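Below you will find one chain, with nothing else, as structure tokens; this is the form predicted alone, and questions on how it binds or moves follow later.
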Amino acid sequence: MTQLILRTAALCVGGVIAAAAAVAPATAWEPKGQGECIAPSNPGGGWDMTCRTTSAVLQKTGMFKESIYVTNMPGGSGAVAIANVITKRKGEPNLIVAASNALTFTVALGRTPHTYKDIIPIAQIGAEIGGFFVRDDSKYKTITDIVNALKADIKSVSFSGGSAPGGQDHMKAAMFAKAIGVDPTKIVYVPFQGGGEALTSVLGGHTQVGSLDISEATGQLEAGKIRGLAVLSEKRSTKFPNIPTALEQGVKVNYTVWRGFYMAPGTPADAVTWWTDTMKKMVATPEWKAEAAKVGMEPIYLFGDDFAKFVNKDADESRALLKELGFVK
């Protein structure tokens, strides 16, 4: 009799456990295997820095258990990468792609049939200050020297940048030209597949001024190989406070470069949530703050729906800017 009671009790308990398991929520999604971050540029540029810094911090903090490798995919200031992701990488939960204003201009110019509505924006993990940089022995000592040279002969000064014509780095120079009263469509701009190559052009004397971001210029600034003539922001860089703003020098140009990520269309919602939440946790860590400080990244963040709304608005505003500057009709 006692054995029958015990057996019956065990069956009841087992039934309760089985029923509880059947209604229990599934385990929260976590990545399995290697991660990948696509940098839509050659090594040395801002997108490359965004991928490598993020992957290093995620692994160092243990937020991503496996390795995250970086795939450099230059072309069309993000056009090649976004096309690849949309047509060939749909639904991949371990894939993130670096993005910035450079992609916004590619979208705004219609150089890709895709828009931010075709992908899944997940996070802005910081912002950078752009600026103009020259070789240390350059004859241009101040931004006023550049202003005078452009007004005397607009073709006498060449700018290099890591984005296509009409893209992010070109727009910095174009906005500067408009602000000083010269035709922004007539400036000499030499495009490269990333800020690293654009900087090499300046160091080699092939172009006079690098239209770059702080992270791209940091190494050579610290080595004393280049000088910053101006940063395009309301306040000076926290990393290089010795570089004056263009505003301080009488040129009304203000342009901030956001840095962030998107994911492929069709990515499972739980994976998108995991990456969005993880990015939010990452930027709050001491490890991230230390790495961001090294490259001059400013702590300006947006996540999820807020970031998606921001990038779509950014595309609309960029179209208006391109029209105002005379690059589109």
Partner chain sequence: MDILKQFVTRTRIEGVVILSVALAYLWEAHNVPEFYQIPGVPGPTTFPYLLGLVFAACGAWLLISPKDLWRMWSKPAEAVAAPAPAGPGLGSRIASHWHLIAMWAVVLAYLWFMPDIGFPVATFLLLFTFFYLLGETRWHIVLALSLTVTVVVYVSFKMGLNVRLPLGVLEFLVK
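Residue numbers count along the first chain shown, from 1. Small disclaimer: the values here were computed from a predicted structure and weren't measured.
Below: the form predicted together with the partner chain, not depicted.
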Verify the flagged residues Lys172, Lys280 and Pro299 against the partner chain in the model of the complex: is each one within 4.5 Å by a non-hydrogen atom? no
Among 249-257, 180-188, 144-152, 117-125, the region lying within 4.5 Å of the partner chain in the model of the complex by heavy atom distance: 180-188
I'd like to know whether Arg89 contacts the partner chain in the model of the complex, with contact meaning heavy atoms within 4.5 angstroms. yes
In the model of the complex, Arg111 touching the partner chain (heavy atom, 4.5 Å): yes
Contact flag, Val134 vs the partner chain in the model of the complex, heavy atom cut 4.5 Å: no
My question is simply whether Ile243 lines the interface with the partner chain in the model of the complex - judged by any non-hydrogen atom within 4.5 Å. no
Would you give me the residues of 308-327 that have any heavy atom within 4.5 Å of the partner chain in the model of the complex, in order from first to last? Leu325, Gly326, Phe327
